[in-house]
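One chain follows as structure tokens, the form predicted on its own.
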Amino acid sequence: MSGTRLFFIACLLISLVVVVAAFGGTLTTRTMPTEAAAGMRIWKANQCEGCHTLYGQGGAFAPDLTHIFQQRGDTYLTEFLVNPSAFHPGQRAMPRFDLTVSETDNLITFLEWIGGQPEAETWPPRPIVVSGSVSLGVPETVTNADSAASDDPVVRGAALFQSPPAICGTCHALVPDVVVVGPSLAGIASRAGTRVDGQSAEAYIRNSIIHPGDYIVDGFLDVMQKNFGEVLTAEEINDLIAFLMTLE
């Protein structure tokens, strides 16, 4: 009996050694900086996750904020938190939380830390299509790390569609009749030219990116980000248009 017990213990120890050897290099603990940790407490105390998501976790009432610091920057976020309603007058607005200067700084530091993690580079993930599910139509090119260096604007635009700073795929699907937040963009190349008299498809798409509030599709709210004309370069906007013009 004792021999069997010793054999069992020996096998258990060997198994543990193998597991540690195999996964020890990947099971690392990340320490959150003090200011970021304080910001996370402010995030939770004000129940920000009730409306916003981080890495898709939280409430879907308002935008995912995983990349918000990298997209908007410190100055914008500081001003926005002071008076959110001033940025989108007449629209659904985030309430003011009357944060102190240090609380605001810590909250922004937390969002910066969140967006700076290695996982943020691959967020949002490419949707997984399983039997009976609906694909959002994410282009294959978004998984190509060399897309940014491509000479093809369609390839660059497809990557930009799913990546910051545009990250259009968080709100728009690319297959018909699938609504995420905004309307599906399937067939937009054919449809865009019929939306405004005398305006080409390319011009309509460009104006919809830069001035989205001027072109609201029936049944949808005016909630699209309003500063893409500042956040995106002229080349990035051209790349997005090139990609969207392939969606006939």
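One rule holds for the numbers: they count along the sequence shown, beginning at 1. This one's a predicted model, so the numbers in the text were calculated from it and none came from an experiment.
The same protein also exists as the form predicted together with ligand HEC; that form is not shown, yet it is the one meant from here on.
Not displayed here, ligand HEC is approached by residue 46 to within 4.5 Å at the level of heavy atoms in the predicted complex. Among residues of the shown chain, residue 114 is not one whose heavy atoms approach ligand HEC to within 4.5 Å in the predicted complex.
Of the heavy atoms in residue 118, none are within 4.5 Å of ligand HEC in the predicted complex. In the predicted complex, ligand HEC stays beyond 4.5 Å of every heavy atom belonging to residue 174. Put simply, residue 50 and residue 226 spread apart in the predicted complex: their C-alpha atoms are 3 Å or more farther than in the form shown.
In the predicted complex, the Cα positions of residue 49 and residue 219 lie at least 3 Å farther from each other than in the form displayed.
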